[in-house]
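Okay, so here's just one chain, in C-alpha cells, the form predicted on its own.
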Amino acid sequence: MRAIVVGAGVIGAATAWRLGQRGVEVILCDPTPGRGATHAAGGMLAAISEVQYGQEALYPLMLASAAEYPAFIAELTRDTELPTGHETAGTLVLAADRADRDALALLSGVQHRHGMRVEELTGRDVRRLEPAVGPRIAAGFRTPDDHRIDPRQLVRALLDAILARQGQRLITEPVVAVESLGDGWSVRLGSGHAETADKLVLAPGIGLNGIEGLPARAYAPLRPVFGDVLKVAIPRSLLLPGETQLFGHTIRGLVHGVPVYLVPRADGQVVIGATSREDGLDAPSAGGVWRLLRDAGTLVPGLLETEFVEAVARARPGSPDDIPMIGEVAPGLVLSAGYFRHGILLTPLGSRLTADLVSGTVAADDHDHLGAVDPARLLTLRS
C-alpha cells in the first residue's frame, strides 16, 4: 500500500511514522515541515491542568492520549537517536491572588470528579518546591501526572525516523489540489507535479482550507486561532551551582484571571505562552508579548532578568467545538484535523487512530474515541 500524508506537523509526521511501521510506503508532503503550529507549541502534556469547563467530550481523549505517551516515546526512540525532550516533571498551577485561587479551586472540583489527581498547596508549599516562584503567590495546585515534551525536537525525531525507513519520501512542496481516481487518490503539488497513492491522509493544520478539489464531506470549517509564544534564556547568574533550569516543574498560572504558562527546557531556556486571539494577525502581537512578560514576571520574577530569544505566532487549527475531526470522509481519504490547542498532547492517540483508519485495523476499544471525533458531526456540505 502507498499513502500520501499531507502535512508534516506533529500529527502528520506521527501518522506517517506509524504507517511506515506497518509496511506502508509513505509520501509526506509539506513545504515547511514542523514549522506550523507545532513550531510554536509549548509541549505541555497536560491532560489534567488543561481541563476547561464545557469540554467534557475532550477529557477522555486527553487522558487516553497521555496514557499512551510513554509507549509512543519508547517506540520512537527505537527508530531514531534524536532526542524528543520528553520530561516527566509535573505541573504547578499558580494563583496570583485570592480570586485566582478561588477560580482554580472550583476547577479542581471538576478535575477530582473525573478521577484526576490534583493536590492543593499553600504559597509556602509552592515556594518550598520551587524557590524561584514569586513571594506574593496566593496558592498552587500540583498535577504530578502532567508531563511535557519539546515539540520541535519531537517533530525532528519523527522525520528522522520516517526517512530512515527505506522507501519513505518527504516532498517539501505544498499540496494545492486533490482528486479521486476511483481506486486511489492524486495530489497536485505547487510545482504542478502530481503524486498518486492508494490512500490519502489530510493533516495540514489550518492549510486544509486552501486545498482545492476536496469532496464535500471533507470540507472542515477550521478557524485560525493565533497564539503569541516567547522564549527566553536563563543566564548562569540566576542558577544554583550545578543547575541548568530556574525551575523544574512546568508552571501554569492565573494572573488576575488571565492564563499564562512557563515551560522549562533542558538547555536552560523557558517557553512562555500563550495568548489566544482570532484577529487574523499572523505575527507576534505587541500587546500579547507585553502581557506574557508581565504575567510571567508575576509568577517567576527572575524571568524578567533573562535574555530574550524569540517571539513567534502561529495559527492553531480550531474546529467549531474545539474537538478534533478524525475519520474516513470518502473512500480512501482520511481527515485528521482541528486539534486546536491539544495537538501535541493528542499526538499518540490521534496519529494511531488515523493510521488505523488508513490500514483498516481499528480496534473495538477505539469506537467510542472515533465516535467523539467523527467529522460528520461538523462537516458543512458544499453546494
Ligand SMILES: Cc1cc2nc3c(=O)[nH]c(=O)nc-3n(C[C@H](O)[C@H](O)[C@H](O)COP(=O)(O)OP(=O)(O)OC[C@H]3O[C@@H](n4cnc5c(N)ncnc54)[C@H](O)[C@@H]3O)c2cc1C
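The numbering used is simple: start at 1 and walk along the sequence shown. Being a predicted model, the structure only gives us computed values, none of them experimental.
Although it is not shown, the form predicted in complex with this ligand is what the next lines describe.
Using a 4.5 angstroms heavy atom cutoff to this ligand in the predicted complex, none of 127, 299 and 302 count as contacting. For the options 227, 264, 90, 85, the residue carrying a heavy atom within 4.5 angstroms of this ligand in the predicted complex is 227. The listed set 203, 162, 200, 251 contains one residue whose heavy atoms approach this ligand in the predicted complex to within 4.5 Å, identified as 203.
Residue contact check for residue 175: one or more of its heavy atoms lie within 4.5 Å of this ligand in the predicted complex. The closest non-hydrogen atom of residue 31 lies within 4.5 Å of this ligand in the predicted complex. The shortest heavy atom separation between residue 274 and this ligand in the predicted complex is within 4.5 Å.
Within this chain, residue 350 is remote from the site of this ligand in the predicted complex, having no heavy atom within 4.5 Å.
With this ligand left out of view, the stretch that reaches within 4.5 Å of it through heavy atoms in the predicted complex is, among 327 to 335, 314 to 322, 353 to 361, 53 to 61, 314 to 322. With contact defined as any non-hydrogen atom lying within 4.5 angstroms of this ligand in the predicted complex, the stretch 65 to 82 contains no contacting residue.
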